[in-house]
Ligand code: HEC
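The chain below stands alone and is given in C-alpha coordinates; this is the form predicted on its own.
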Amino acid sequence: MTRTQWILATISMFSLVACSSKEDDASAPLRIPTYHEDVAPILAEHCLSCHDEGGIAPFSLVDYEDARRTAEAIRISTTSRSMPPFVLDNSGECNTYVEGRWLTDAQIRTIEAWARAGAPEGEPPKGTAPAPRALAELDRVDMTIDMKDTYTPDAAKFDDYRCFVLDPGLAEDVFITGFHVRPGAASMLHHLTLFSIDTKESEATAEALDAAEPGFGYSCIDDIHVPDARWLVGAGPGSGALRFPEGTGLRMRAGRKTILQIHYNQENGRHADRTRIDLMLARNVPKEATVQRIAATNLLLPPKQASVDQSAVEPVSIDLTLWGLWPHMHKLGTGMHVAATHDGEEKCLARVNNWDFHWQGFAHYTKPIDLSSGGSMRITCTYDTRGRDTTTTWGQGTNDEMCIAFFYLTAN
(Lines give C-alpha, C1' and ligand atoms only; values in the text may rest on other atoms or scores of the structure.)
Protein backbone atom coordinates (compact mmCIF):
# COMPACT_ATOMS: atom_id res chain seq x y z
CA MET A 1 0.00 0.00 0.00
CA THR A 2 1.42 3.41 -0.98
CA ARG A 3 1.55 6.31 1.49
CA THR A 4 -1.26 8.05 -0.40
CA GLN A 5 -3.42 4.90 -0.30
CA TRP A 6 -2.77 4.50 3.45
CA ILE A 7 -3.73 8.12 4.15
CA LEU A 8 -6.95 7.81 2.11
CA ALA A 9 -7.84 4.52 3.82
CA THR A 10 -7.22 6.04 7.26
CA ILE A 11 -9.39 9.09 6.48
CA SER A 12 -12.11 6.80 5.15
CA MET A 13 -11.99 4.60 8.26
CA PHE A 14 -12.24 7.56 10.66
CA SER A 15 -15.09 9.01 8.61
CA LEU A 16 -17.03 5.73 8.92
CA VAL A 17 -16.37 5.55 12.65
CA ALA A 18 -17.53 9.14 13.15
CA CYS A 19 -20.73 8.57 11.17
CA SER A 20 -21.39 5.33 13.01
CA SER A 21 -20.88 6.99 16.39
CA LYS A 22 -23.39 9.73 15.61
CA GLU A 23 -25.98 7.17 14.54
CA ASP A 24 -25.32 5.05 17.64
CA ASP A 25 -25.75 8.06 19.92
CA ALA A 26 -29.26 8.52 18.59
CA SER A 27 -30.39 4.91 18.49
CA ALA A 28 -28.42 2.61 20.82
CA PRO A 29 -26.24 2.54 23.95
CA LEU A 30 -22.48 3.06 23.41
CA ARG A 31 -21.69 -0.18 25.26
CA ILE A 32 -23.35 -3.55 25.64
CA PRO A 33 -25.74 -3.40 28.61
CA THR A 34 -25.66 -6.11 31.26
CA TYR A 35 -28.41 -7.53 33.39
CA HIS A 36 -27.17 -6.49 36.82
CA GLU A 37 -26.05 -2.96 35.94
CA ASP A 38 -28.64 -1.91 33.38
CA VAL A 39 -31.62 -4.24 33.01
CA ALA A 40 -32.40 -5.37 36.56
CA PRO A 41 -33.16 -1.81 37.77
CA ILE A 42 -35.63 -1.35 34.90
CA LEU A 43 -37.37 -4.64 35.65
CA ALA A 44 -37.55 -3.84 39.36
CA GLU A 45 -39.09 -0.43 38.73
CA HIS A 46 -41.60 -1.38 36.05
CA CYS A 47 -42.19 -5.15 35.97
CA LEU A 48 -41.79 -6.96 39.28
CA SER A 49 -45.10 -5.83 40.77
CA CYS A 50 -46.69 -8.37 38.38
CA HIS A 51 -43.74 -10.61 37.38
CA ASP A 52 -43.08 -11.76 40.93
CA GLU A 53 -43.48 -15.21 42.46
CA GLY A 54 -47.23 -15.74 42.77
CA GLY A 55 -48.08 -12.60 40.75
CA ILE A 56 -50.59 -12.28 37.92
CA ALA A 57 -47.89 -12.53 35.22
CA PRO A 58 -47.31 -15.96 33.60
CA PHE A 59 -43.61 -16.01 34.56
CA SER A 60 -41.31 -14.50 37.14
CA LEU A 61 -38.54 -11.97 36.51
CA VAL A 62 -37.02 -11.88 39.99
CA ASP A 63 -33.50 -13.04 39.02
CA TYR A 64 -31.05 -13.24 36.14
CA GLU A 65 -31.99 -16.76 35.01
CA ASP A 66 -35.64 -15.74 34.77
CA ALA A 67 -34.73 -12.74 32.64
CA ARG A 68 -32.23 -14.62 30.47
CA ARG A 69 -34.76 -17.33 29.56
CA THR A 70 -37.32 -14.73 28.49
CA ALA A 71 -34.99 -12.06 27.10
CA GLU A 72 -36.41 -12.22 23.57
CA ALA A 73 -39.99 -12.05 24.82
CA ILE A 74 -39.05 -9.06 26.98
CA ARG A 75 -37.44 -7.36 23.99
CA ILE A 76 -40.44 -7.90 21.70
CA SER A 77 -43.06 -6.87 24.27
CA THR A 78 -41.22 -3.71 25.33
CA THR A 79 -40.33 -2.50 21.83
CA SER A 80 -43.97 -2.96 20.79
CA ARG A 81 -45.07 -1.22 24.04
CA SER A 82 -47.43 -4.06 24.86
CA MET A 83 -45.53 -4.26 28.16
CA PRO A 84 -45.65 -2.79 30.73
CA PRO A 85 -49.43 -2.87 30.26
CA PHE A 86 -50.77 0.67 29.83
CA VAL A 87 -52.93 1.50 26.83
CA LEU A 88 -52.80 5.32 27.04
CA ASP A 89 -49.95 7.21 25.37
CA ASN A 90 -47.79 8.43 28.27
CA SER A 91 -45.03 9.93 26.13
CA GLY A 92 -46.02 13.51 26.91
CA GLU A 93 -47.23 14.25 23.39
CA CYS A 94 -50.81 13.92 24.63
CA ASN A 95 -50.59 14.25 28.44
CA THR A 96 -49.01 12.04 31.09
CA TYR A 97 -50.60 10.00 33.85
CA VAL A 98 -50.00 9.37 37.52
CA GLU A 99 -50.54 5.64 37.04
CA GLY A 100 -48.61 5.48 33.77
CA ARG A 101 -46.65 2.27 33.32
CA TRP A 102 -44.26 3.53 30.71
CA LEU A 103 -40.67 2.88 29.68
CA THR A 104 -38.61 5.70 28.22
CA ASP A 105 -37.22 5.26 24.72
CA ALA A 106 -33.74 4.95 26.26
CA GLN A 107 -34.89 2.12 28.56
CA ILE A 108 -36.42 0.29 25.60
CA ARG A 109 -33.16 0.65 23.63
CA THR A 110 -31.21 -0.68 26.61
CA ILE A 111 -33.38 -3.80 26.86
CA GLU A 112 -33.22 -4.36 23.11
CA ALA A 113 -29.43 -4.05 22.99
CA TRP A 114 -29.07 -6.39 25.97
CA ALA A 115 -31.34 -9.06 24.46
CA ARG A 116 -29.70 -8.89 21.02
CA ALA A 117 -26.26 -9.23 22.65
CA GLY A 118 -27.28 -12.55 24.17
CA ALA A 119 -28.55 -11.24 27.52
CA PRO A 120 -25.15 -10.90 29.27
CA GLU A 121 -25.27 -11.12 33.06
CA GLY A 122 -22.43 -8.79 34.03
CA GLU A 123 -21.06 -8.44 37.53
CA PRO A 124 -23.54 -8.98 40.39
CA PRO A 125 -23.97 -5.93 42.60
CA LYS A 126 -21.87 -5.78 45.76
CA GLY A 127 -24.87 -4.63 47.77
CA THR A 128 -28.47 -5.76 47.61
CA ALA A 129 -30.25 -6.28 44.31
CA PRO A 130 -32.68 -3.57 43.12
CA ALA A 131 -35.96 -3.83 45.05
CA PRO A 132 -39.34 -3.72 43.30
CA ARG A 133 -41.01 -0.33 43.37
CA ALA A 134 -42.97 -0.04 46.60
CA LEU A 135 -46.70 0.12 46.00
CA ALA A 136 -48.56 3.12 47.33
CA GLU A 137 -50.52 2.81 50.57
CA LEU A 138 -53.52 4.69 51.92
CA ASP A 139 -53.12 7.18 54.75
CA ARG A 140 -55.88 5.33 56.58
CA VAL A 141 -58.64 2.75 55.97
CA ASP A 142 -62.17 3.87 56.86
CA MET A 143 -64.10 0.96 55.36
CA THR A 144 -63.45 -2.34 53.63
CA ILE A 145 -65.67 -3.77 50.89
CA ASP A 146 -65.44 -7.52 51.50
CA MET A 147 -66.78 -10.29 49.25
CA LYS A 148 -67.49 -12.19 52.51
CA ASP A 149 -67.36 -15.46 50.60
CA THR A 150 -64.98 -17.12 48.16
CA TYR A 151 -65.44 -17.62 44.45
CA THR A 152 -63.59 -20.15 42.32
CA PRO A 153 -63.69 -19.30 38.59
CA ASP A 154 -65.49 -21.54 36.13
CA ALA A 155 -62.97 -24.11 34.87
CA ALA A 156 -64.47 -23.88 31.37
CA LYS A 157 -63.74 -20.13 31.14
CA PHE A 158 -60.12 -19.10 30.64
CA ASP A 159 -61.30 -15.52 31.25
CA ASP A 160 -64.15 -15.47 33.76
CA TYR A 161 -65.94 -12.15 34.36
CA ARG A 162 -68.00 -12.35 37.55
CA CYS A 163 -70.25 -9.80 39.27
CA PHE A 164 -70.98 -9.80 43.02
CA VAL A 165 -73.73 -7.78 44.72
CA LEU A 166 -72.28 -6.44 47.99
CA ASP A 167 -73.78 -4.30 50.74
CA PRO A 168 -71.39 -1.77 52.33
CA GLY A 169 -73.97 -1.04 55.05
CA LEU A 170 -73.79 2.75 54.83
CA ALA A 171 -76.02 4.74 57.18
CA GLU A 172 -75.12 8.08 55.54
CA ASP A 173 -73.67 9.36 52.29
CA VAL A 174 -69.87 9.37 52.12
CA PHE A 175 -67.24 10.15 49.49
CA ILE A 176 -64.50 7.80 48.35
CA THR A 177 -61.17 9.67 48.24
CA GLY A 178 -58.87 6.67 47.83
CA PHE A 179 -58.84 2.90 47.61
CA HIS A 180 -56.56 -0.13 47.76
CA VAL A 181 -57.50 -3.48 46.23
CA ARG A 182 -56.45 -6.54 48.27
CA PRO A 183 -56.78 -9.59 45.98
CA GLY A 184 -57.49 -12.94 47.59
CA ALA A 185 -55.75 -14.71 44.67
CA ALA A 186 -53.45 -12.18 43.02
CA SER A 187 -52.29 -14.66 40.38
CA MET A 188 -55.80 -14.68 38.87
CA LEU A 189 -57.11 -11.14 39.35
CA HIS A 190 -56.70 -9.34 36.04
CA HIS A 191 -58.75 -6.24 36.84
CA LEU A 192 -61.88 -5.19 38.70
CA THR A 193 -64.48 -2.42 38.83
CA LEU A 194 -66.73 -1.42 41.73
CA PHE A 195 -70.06 0.22 40.87
CA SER A 196 -72.57 2.03 43.05
CA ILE A 197 -76.25 1.14 42.60
CA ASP A 198 -78.24 4.33 43.08
CA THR A 199 -81.89 3.21 42.96
CA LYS A 200 -84.07 0.49 44.52
CA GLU A 201 -85.19 -0.60 41.05
CA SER A 202 -81.61 -1.15 39.87
CA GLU A 203 -80.78 -2.90 43.11
CA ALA A 204 -83.69 -5.30 42.49
CA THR A 205 -82.36 -5.95 38.96
CA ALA A 206 -78.91 -6.82 40.32
CA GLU A 207 -80.31 -9.14 42.98
CA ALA A 208 -82.47 -10.89 40.37
CA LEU A 209 -79.43 -11.50 38.16
CA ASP A 210 -77.55 -12.87 41.14
CA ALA A 211 -80.43 -15.18 42.14
CA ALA A 212 -80.89 -16.47 38.58
CA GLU A 213 -77.47 -18.16 38.49
CA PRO A 214 -76.21 -20.91 40.78
CA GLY A 215 -73.26 -20.16 43.00
CA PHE A 216 -71.85 -16.86 44.22
CA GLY A 217 -72.41 -13.90 41.86
CA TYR A 218 -73.42 -13.88 38.19
CA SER A 219 -71.62 -13.95 34.83
CA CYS A 220 -70.97 -10.50 33.32
CA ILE A 221 -68.28 -10.59 30.62
CA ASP A 222 -70.07 -8.16 28.34
CA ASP A 223 -71.77 -5.81 30.85
CA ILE A 224 -73.03 -5.72 34.43
CA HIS A 225 -76.61 -5.44 33.03
CA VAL A 226 -77.76 -3.03 35.74
CA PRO A 227 -79.05 0.48 34.89
CA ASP A 228 -78.19 3.50 37.03
CA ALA A 229 -74.89 1.98 38.16
CA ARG A 230 -72.05 4.45 38.71
CA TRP A 231 -68.33 3.77 38.46
CA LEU A 232 -66.52 4.02 41.82
CA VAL A 233 -63.30 2.03 41.74
CA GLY A 234 -61.22 0.50 38.98
CA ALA A 235 -57.86 -1.27 39.28
CA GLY A 236 -55.56 -3.74 37.60
CA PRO A 237 -52.77 -5.96 38.92
CA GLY A 238 -49.87 -4.50 40.84
CA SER A 239 -51.42 -1.04 41.09
CA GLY A 240 -51.28 -0.49 44.85
CA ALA A 241 -53.36 2.20 46.51
CA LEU A 242 -54.86 5.00 44.45
CA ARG A 243 -55.83 8.39 45.84
CA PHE A 244 -58.28 10.56 43.96
CA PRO A 245 -57.09 14.10 43.20
CA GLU A 246 -56.94 16.31 46.29
CA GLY A 247 -60.29 17.81 47.26
CA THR A 248 -62.35 15.47 45.08
CA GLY A 249 -64.29 12.28 45.73
CA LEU A 250 -67.05 10.00 44.46
CA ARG A 251 -70.29 9.74 46.41
CA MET A 252 -71.53 6.47 47.90
CA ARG A 253 -75.20 6.68 48.84
CA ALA A 254 -76.59 5.58 52.18
CA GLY A 255 -78.55 2.35 52.14
CA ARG A 256 -77.51 1.38 48.61
CA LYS A 257 -75.59 -1.72 47.52
CA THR A 258 -72.65 -2.06 45.16
CA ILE A 259 -71.62 -4.37 42.34
CA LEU A 260 -68.07 -5.71 42.20
CA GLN A 261 -67.08 -6.92 38.71
CA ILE A 262 -63.90 -9.00 38.60
CA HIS A 263 -62.05 -10.35 35.57
CA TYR A 264 -60.35 -13.62 36.53
CA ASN A 265 -57.65 -15.03 34.22
CA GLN A 266 -56.67 -18.66 34.78
CA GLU A 267 -53.31 -18.74 33.01
CA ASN A 268 -51.61 -19.26 36.39
CA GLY A 269 -54.10 -21.78 37.71
CA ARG A 270 -57.53 -21.83 39.29
CA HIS A 271 -57.96 -20.84 42.91
CA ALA A 272 -60.58 -19.64 45.36
CA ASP A 273 -60.67 -15.85 45.67
CA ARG A 274 -61.98 -13.48 48.32
CA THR A 275 -60.98 -9.97 47.29
CA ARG A 276 -61.28 -6.97 49.58
CA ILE A 277 -61.15 -3.25 48.77
CA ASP A 278 -59.96 -0.81 51.44
CA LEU A 279 -61.57 2.61 51.15
CA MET A 280 -60.50 6.01 52.40
CA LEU A 281 -63.61 8.12 52.96
CA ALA A 282 -64.70 11.68 53.70
CA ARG A 283 -68.03 13.03 54.90
CA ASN A 284 -67.70 15.93 52.47
CA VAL A 285 -65.33 17.07 49.72
CA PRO A 286 -64.87 20.56 48.22
CA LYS A 287 -65.55 19.20 44.71
CA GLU A 288 -67.85 16.23 44.17
CA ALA A 289 -66.59 14.28 41.18
CA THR A 290 -68.61 12.23 38.73
CA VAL A 291 -67.67 9.87 35.93
CA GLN A 292 -69.20 10.98 32.62
CA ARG A 293 -68.65 9.59 29.17
CA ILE A 294 -68.23 10.68 25.59
CA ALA A 295 -69.16 7.89 23.19
CA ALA A 296 -69.57 7.12 19.50
CA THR A 297 -72.61 4.86 19.59
CA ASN A 298 -73.66 4.78 15.91
CA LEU A 299 -70.98 2.26 15.02
CA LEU A 300 -71.08 0.62 11.60
CA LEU A 301 -67.89 -1.38 11.00
CA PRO A 302 -67.71 -3.14 7.63
CA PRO A 303 -65.83 -6.47 7.59
CA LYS A 304 -62.40 -7.24 6.15
CA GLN A 305 -60.98 -3.75 6.77
CA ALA A 306 -57.51 -3.16 8.21
CA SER A 307 -58.55 0.22 9.61
CA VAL A 308 -61.99 1.73 10.17
CA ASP A 309 -62.55 5.03 12.02
CA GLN A 310 -65.73 6.02 13.83
CA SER A 311 -66.26 9.39 15.53
CA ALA A 312 -68.69 11.45 17.58
CA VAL A 313 -68.76 15.06 18.76
CA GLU A 314 -70.45 16.35 21.92
CA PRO A 315 -70.77 19.94 23.19
CA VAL A 316 -69.18 21.18 26.41
CA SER A 317 -72.06 23.04 28.05
CA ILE A 318 -70.39 24.02 31.37
CA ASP A 319 -66.87 24.73 32.62
CA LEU A 320 -65.20 21.45 33.60
CA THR A 321 -61.98 20.08 35.03
CA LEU A 322 -60.94 16.69 33.72
CA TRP A 323 -58.87 14.71 36.22
CA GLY A 324 -58.50 11.39 34.39
CA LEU A 325 -60.17 8.84 32.17
CA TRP A 326 -60.85 5.20 31.34
CA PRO A 327 -60.88 4.44 27.57
CA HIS A 328 -63.08 1.53 26.51
CA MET A 329 -63.49 -0.53 23.35
CA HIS A 330 -63.93 -4.23 22.69
CA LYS A 331 -61.71 -6.69 20.83
CA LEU A 332 -61.64 -5.07 17.37
CA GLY A 333 -60.35 -1.77 18.71
CA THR A 334 -56.80 -0.72 17.88
CA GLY A 335 -56.65 2.98 18.75
CA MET A 336 -58.47 6.00 20.15
CA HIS A 337 -58.07 9.76 20.08
CA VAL A 338 -60.04 12.24 22.20
CA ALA A 339 -59.70 16.00 21.72
CA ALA A 340 -61.38 19.20 22.84
CA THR A 341 -61.92 22.25 20.65
CA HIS A 342 -62.65 25.80 21.81
CA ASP A 343 -62.44 28.99 19.75
CA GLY A 344 -60.78 27.09 16.93
CA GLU A 345 -57.99 25.66 19.08
CA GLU A 346 -57.69 21.89 19.60
CA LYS A 347 -56.37 20.27 22.77
CA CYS A 348 -55.43 16.59 22.94
CA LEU A 349 -57.18 14.86 25.85
CA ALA A 350 -56.15 11.23 25.33
CA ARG A 351 -54.52 8.96 22.79
CA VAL A 352 -54.42 5.17 22.60
CA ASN A 353 -51.97 3.71 20.09
CA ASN A 354 -52.11 0.00 20.98
CA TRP A 355 -55.48 -0.97 22.44
CA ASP A 356 -55.79 -4.20 24.42
CA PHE A 357 -59.24 -5.21 25.68
CA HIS A 358 -57.75 -7.13 28.61
CA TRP A 359 -55.56 -4.28 29.88
CA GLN A 360 -58.00 -1.42 30.24
CA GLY A 361 -58.15 0.71 33.35
CA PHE A 362 -58.43 4.19 34.85
CA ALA A 363 -55.63 6.75 34.92
CA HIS A 364 -55.38 10.28 36.34
CA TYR A 365 -53.62 13.13 34.60
CA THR A 366 -50.43 14.41 36.20
CA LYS A 367 -51.83 17.85 35.32
CA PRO A 368 -55.64 18.23 35.21
CA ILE A 369 -57.26 19.77 32.14
CA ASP A 370 -59.75 22.64 32.24
CA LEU A 371 -62.42 22.90 29.56
CA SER A 372 -64.57 25.98 28.99
CA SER A 373 -68.23 25.97 28.06
CA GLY A 374 -69.04 26.68 24.44
CA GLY A 375 -66.48 24.22 23.09
CA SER A 376 -66.79 20.59 22.08
CA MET A 377 -65.20 17.19 22.56
CA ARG A 378 -64.52 14.69 19.80
CA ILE A 379 -63.79 10.98 20.15
CA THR A 380 -62.44 8.83 17.32
CA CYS A 381 -61.94 5.07 17.61
CA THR A 382 -60.09 2.88 15.14
CA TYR A 383 -60.87 -0.78 14.48
CA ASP A 384 -59.40 -3.75 12.60
CA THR A 385 -62.25 -5.88 11.17
CA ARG A 386 -60.19 -8.23 8.97
CA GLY A 387 -61.28 -11.19 11.09
CA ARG A 388 -65.00 -10.48 10.64
CA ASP A 389 -67.32 -11.65 7.85
CA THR A 390 -70.26 -9.41 8.76
CA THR A 391 -70.76 -5.80 9.77
CA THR A 392 -70.12 -5.09 13.46
CA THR A 393 -72.26 -2.57 15.36
CA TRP A 394 -72.56 -1.06 18.84
CA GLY A 395 -73.58 -3.55 21.52
CA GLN A 396 -72.97 -4.93 24.99
CA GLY A 397 -71.55 -8.27 23.85
CA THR A 398 -67.83 -8.84 23.58
CA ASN A 399 -68.22 -9.54 19.85
CA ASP A 400 -70.06 -6.23 19.43
CA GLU A 401 -68.11 -2.98 19.70
CA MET A 402 -67.97 0.20 21.74
CA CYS A 403 -66.17 3.55 21.61
CA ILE A 404 -66.19 5.30 25.00
CA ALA A 405 -63.99 7.50 27.13
CA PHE A 406 -65.14 7.69 30.77
CA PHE A 407 -63.88 10.91 32.38
CA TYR A 408 -63.40 11.59 36.10
CA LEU A 409 -64.44 15.23 36.25
CA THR A 410 -65.70 18.09 38.40
CA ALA A 411 -67.90 21.00 37.40
CA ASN A 412 -66.42 24.45 37.95
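One rule holds for the numbers: they count along the sequence shown, beginning at 1. Throughout, rigid core stands for the largest set of C-alpha atoms superposing within 1.5 Å between the two forms. Just so it is clear, the model here is predicted, and its values are computed rather than measured.
As for the form predicted in complex with heme C, it is not shown, yet the points below apply to it.
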Segment assignment from 59-67, 347-355, 379-387, 366-374: heavy atom within 4.5 Å of heme C in the model of the complex: 59-67
Under a 4.5 angstroms heavy atom criterion, identify the one residue in 110, 187, 193, 78 near heme C in the model of the complex. 78
Hey, in the model of the complex, does residue 130 get a heavy atom within 4.5 angstroms of heme C? no
Quick check on residue 101: any heavy atom within 4.5 Å of heme C in the model of the complex? yes
Consider residue 49 of the chain shown here, and say whether it contacts heme C in the model of the complex, taking contact as heavy atoms within 4.5 Å. yes
Is residue 40 a contact residue for heme C in the model of the complex, using a 4.5 Å heavy atom cut-off? no
Can you tell me which bits of 338-362 touch heme C in the model of the complex, meaning any heavy atom within 4.5 Å? 359
My question is whether residue 110 is one of the residues whose C-alpha shifts by 2 Å or more between the shown form and the other one, given a fit on the rigid core. no
Has the Cα of residue 186 moved 2 Å or more between the shown form and the other one, judged after a core fit? yes
The CA atoms of residue 330 and residue 267 move 3 Å or more in the model of the complex, ending up closer
Between residue 268 and residue 114, does the Cα distance in the model of the complex come out closer or farther than in this form, changing by 3 Å or more? farther
